[in-house]
Ligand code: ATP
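Consider the single chain below, provided in structure tokens and representing the form predicted alone.
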Amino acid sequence: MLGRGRILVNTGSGKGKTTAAFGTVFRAAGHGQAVAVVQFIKGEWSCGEIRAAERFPNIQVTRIGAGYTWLADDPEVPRSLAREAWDKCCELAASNEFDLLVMDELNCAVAEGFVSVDEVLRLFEAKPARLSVIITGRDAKAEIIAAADTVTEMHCVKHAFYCGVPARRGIEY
């Protein structure tokens, strides 16, 4: 028996929030649990976590987004895509088919005003008791942090990219 699900938040300005969430995704999948991941914002760029997840039959990944919201020509596009991703999260949570739901970059969608804090808190209240939820992204709201069981703040001390070293496949993506 899985027991009561947890609410985890990975936030902060440092790198690794999504990668940490995927570590838990693979841990849960390795234990035979059903996992769903919904990615807000990131778009279709290829990254190792997605490629690895495709190898697991018990991991479902839905990618909805068109990249960084502040680069959008039409601000309604990222808003619409974020709402679509949020609707998918609500559908997956209500389905009672999953043990873990990751809402990757949801904090950013909340910070942009695309999804309200109250909507997130209502999902926490309505989710099946066994469902664990991981939310990632910078700028987690205080109310979401207060409702979480575990909060990790990523803080960058030093990053090679900021010293002019290009990102490396398998390390940064």
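This is a predicted model, so every value here is computed, not measured. Residue numbers here begin at 1 and follow the sequence given.
Quick note: we don't show the form predicted in complex with this ligand, though the next part is all about it.
For R138, a non-hydrogen atom is located within 4.5 Å of this ligand in the predicted bound form, even though that partner is not displayed. In the predicted bound form, at least one heavy atom of T19 sits within 4.5 Å of this ligand.
This ligand is not shown here, but in the predicted bound form it comes within 4.5 Å of a heavy atom of S13. Annotation: in the predicted bound form, residues C156, F161 and I171 each come within 4.5 Å of this ligand through at least one heavy atom.
Contact residues in stretch 96-122 (any heavy atom within 4.5 Å of this ligand, taken in the predicted bound form) are limited to E105.
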